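One chain comes next, on its own, written out as structure tokens in the form predicted alone.
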Amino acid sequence: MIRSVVRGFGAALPKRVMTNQELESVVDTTDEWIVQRTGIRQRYIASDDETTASLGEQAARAALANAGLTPDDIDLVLVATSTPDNTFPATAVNIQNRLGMTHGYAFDMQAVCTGFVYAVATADMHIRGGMAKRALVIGAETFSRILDWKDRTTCVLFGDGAGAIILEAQEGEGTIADRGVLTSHLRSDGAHKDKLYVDGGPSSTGTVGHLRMEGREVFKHAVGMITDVIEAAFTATGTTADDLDWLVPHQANRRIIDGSAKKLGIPTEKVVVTVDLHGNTSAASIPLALSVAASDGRIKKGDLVMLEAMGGGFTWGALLLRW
């Protein structure tokens, strides 16, 4: 059977680092409070000349270089983002053009923080369906553009950045020993919309709006929802937490990450954590974390890796792949 195998990876971050200490001069907060509640120590903030598309392009070029490929080798560009450069066209089409591609097809995926998991699952379906041989899957965000910098409960949490992987069609045996995407499980429940949303949009207010969040409500649902889809992935593949080499979670909050891992019986040393470095970068957080862990040699060829995320909507999902 056809498997969607990770051929390359890459990342991009804005030039500017904003520390917790710097935030102390912006809103009524402290480094100690932020670290204790979230695990975040710093985040990257895009400058005026850095956009979701420009960061996505940098991550894409890094992934292409890592894979030893060129834009001519890509059939599909899929971008997960909630902060596009334009209402339309899609940021994916913008990046396709920036890469010099005049072939293939490109589109965006909007599932907020779960966007990258949704995008990888979607690209996998396109590859297994024969529509594309290679897909460039990017998570890219400039959440600093939609933050209310007077709201200390949200502005301390988020940052900007981009990450990318290249998926390539390869023959597999149809077993869990295959490299590539093994299973994916996606969920959503729109009843929770008002717990995490942006209070603007073209059709409702004609404005971009600001991010609004009921932090306690999000936290209350997060661990259970994450556990649900990870257990579904284990069941679908006949695997357990013991078989896992790495859990790469959405980097929203260290407490949520630790709580989910503990509930699933996944030891801390198997969990990739970058929230301290990047903050919550929404759809970019998982590919950024993947890039860090693959670059430093933790994630190696043949490793069994679980990706999971939960975001506004609510949306949530998990995906099991062999690197």
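Treat the numbers as computed from the prediction; the structure is a model and nothing was measured. All residue numbers are counted from 1 along the displayed sequence.
Here the subject shifts to the form predicted together with acetyl coenzyme *A (ACO), a form of this protein not shown in this document.
Chemist: With the partner absent here, would Ala121, Val248 and Trp323 each sit within 4.5 Å of acetyl coenzyme *A (ACO) in the predicted complex, counting heavy atoms only?
Modeler: Not a single residue of the candidate spot has a heavy atom within 4.5 Å of acetyl coenzyme *A (ACO) in the predicted complex.
Chemist: Residues in which of 84 to 92, 218 to 226, 231 to 239, 124 to 132 have heavy atoms within 4.5 Å of acetyl coenzyme *A (ACO) in the predicted complex?
Modeler: After filtering at 4.5 Å, what remains is 218 to 226.
Chemist: Is Ile176 a contact residue for acetyl coenzyme *A (ACO) in the predicted complex, using a 4.5 Å heavy atom cut-off?
Modeler: No, no contact at 4.5 Å.
Chemist: When the contact criterion is heavy atoms within 4.5 Å, does Met310 count as touching acetyl coenzyme *A (ACO) in the predicted complex?
Modeler: Although acetyl coenzyme *A (ACO) is absent here, Met310 would touch it in the predicted complex, with heavy atoms inside 4.5 Å.
Chemist: Examine Arg255 and determine whether its closest non-hydrogen atom to acetyl coenzyme *A (ACO) in the predicted complex is within 4.5 angstroms.
Modeler: Arg255 belongs to the contact set for acetyl coenzyme *A (ACO).
Chemist: Though only this chain appears here, would Arg37 touch acetyl coenzyme *A (ACO) in the predicted complex if you measure heavy atom gaps against 4.5 Å?
Modeler: Close contact exists here: in the predicted complex, Arg37 approaches acetyl coenzyme *A (ACO) to within 4.5 Å, heavy atoms only.
Chemist: Select from the listed residues Asp49, Asp28, Asp296, Glu269 the one whose heavy atoms reach within 4.5 Å of acetyl coenzyme *A (ACO) in the predicted complex.
Modeler: Only one option qualifies, and that one is Asp28.
Chemist: Which of these residues, Asn280, Ser260, Gln58, Ser291, gets a heavy atom within 4.5 Å of acetyl coenzyme *A (ACO) in the predicted complex?
Modeler: Only one option qualifies, and that one is Asn280.
Chemist: Pull the contact list for 172 to 199: residues with a heavy atom within 4.5 Å of acetyl coenzyme *A (ACO) in the predicted complex, in sequence order.
Modeler: The stretch touches the partner through Leu196 alone.
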